[in-house]
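Shown below, as structure tokens, is a lone chain in the form predicted on its own; questions about how it binds or moves come after it.
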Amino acid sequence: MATAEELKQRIEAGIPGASAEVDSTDDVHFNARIVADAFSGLSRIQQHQLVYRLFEPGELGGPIHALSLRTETP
């Protein structure tokens, strides 16, 4: 089972220069706010896809039941 801190670390390691805030009340449903220069010039869908690529197939919707994203540029 993943924790909010583990997801935060994974996101920040996978997107250079990113700053992530991740919270969860049950370690199954997560909310993440991610700020990264890497999102510049990308559509919201492309930004979210960049984050989703950090997870293994089946991980989202499986052990991580839900991941709500808010992506922003600095």
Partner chain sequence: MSEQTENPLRDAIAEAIDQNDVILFMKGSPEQPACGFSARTVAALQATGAPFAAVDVLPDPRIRQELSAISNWPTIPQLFVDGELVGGADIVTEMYETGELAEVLGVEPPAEAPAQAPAPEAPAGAPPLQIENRLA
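For clarity, every value in this text was computed on a predicted model and none was experimentally measured. Positions refer to the first chain, counted from 1.
Another form exists, predicted in complex with its partner chain; not displayed. Remarks below refer to it.
Although the partner is absent from this view, G61 contacts its partner chain in the model of the complex, with a non-hydrogen atom inside 4.5 angstroms. Contact annotation: A66 falls within 4.5 Å of its partner chain in the model of the complex, judged by heavy atom distances. Heavy atoms of R33 never reach within 4.5 Å of its partner chain in the model of the complex, leaving it off the interface. At a distance threshold of 4.5 angstroms between non-hydrogen atoms, S40 is out of contact with its partner chain in the model of the complex. For the stretch 32-51, the set of residues having any non-hydrogen atom within 4.5 angstroms of its partner chain in the model of the complex comprises R44, I45, H48, Q49, in sequence order.
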